[in-house]
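The form predicted on its own is given below as one chain in structure tokens.
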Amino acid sequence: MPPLLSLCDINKEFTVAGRRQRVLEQLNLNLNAHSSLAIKGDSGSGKSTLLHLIGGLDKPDSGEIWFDNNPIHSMGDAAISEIRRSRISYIFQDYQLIPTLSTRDNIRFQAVLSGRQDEVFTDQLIEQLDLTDSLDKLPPQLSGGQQQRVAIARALVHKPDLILADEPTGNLDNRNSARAIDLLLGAVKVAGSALIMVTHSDEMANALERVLTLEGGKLIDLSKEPIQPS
């Protein structure tokens, strides 16, 4: 069976202070369904850039990104938006909640948009992330940790095929971090989602099946050579 996600020879550069800076260089990655991967690396190493490319929020300068036989690297905005709406979820560092919607409606928004509404599952997420008392509050009325939990619930509510999580526990205490990781790994096990999580936490990273480091523009298993295409 082919991988759910495949990246082949990805290159990405940015202009910084008038100079071109390469962030990703000949990067390769395969990810199967029902699997989890943690990506570590220094600040500025390109971890968030990599997630943006996988999620179709940006384009590589060269190389190919395939998601379930869909060429993310060459698809138009409308087609990519449709895939993100129903099959790929993104947990952003800055939450990106809709400020005019309540906690309840922020969580349900993605399920309605994707047409995958499951009220029982939604209520379970709300309870597991301890958001029951915050359902009528708007994002500006929530703490950073509460907003992060809302963002996690929103990302899981429609049972996506791929979850991209950028420091999903960065603003959570130990108790809520453990809850969040349990839910993310539960999505891999129960819903069949695949998970890619960027994190600085060794503890969070080691909870996932694989841990790779982004270094010098490539994904590296520190016990082996840089990841090569298969």
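The structure presented is a predicted model; accordingly, all values stated were derived computationally and were not measured. Residue indices: 1-based, along the sequence shown.
The protein also exists as the form predicted together with a small molecule; that form is not presented, and the subsequent description refers to it.
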**Asked** Using a 4.5 Å cut on heavy atoms, which of D173, D42, D61, D182 is close to the small molecule in the predicted bound form?
**Response** D42
**Asked** Here the chain is shown alone; which of N70, T49, N30, Q26 has a heavy atom within 4.5 Å of the small molecule in the predicted bound form?
**Response** T49
**Asked** Applying a 4.5 Å heavy atom distance criterion, does Q21 contact the small molecule in the predicted bound form?
**Response** yes
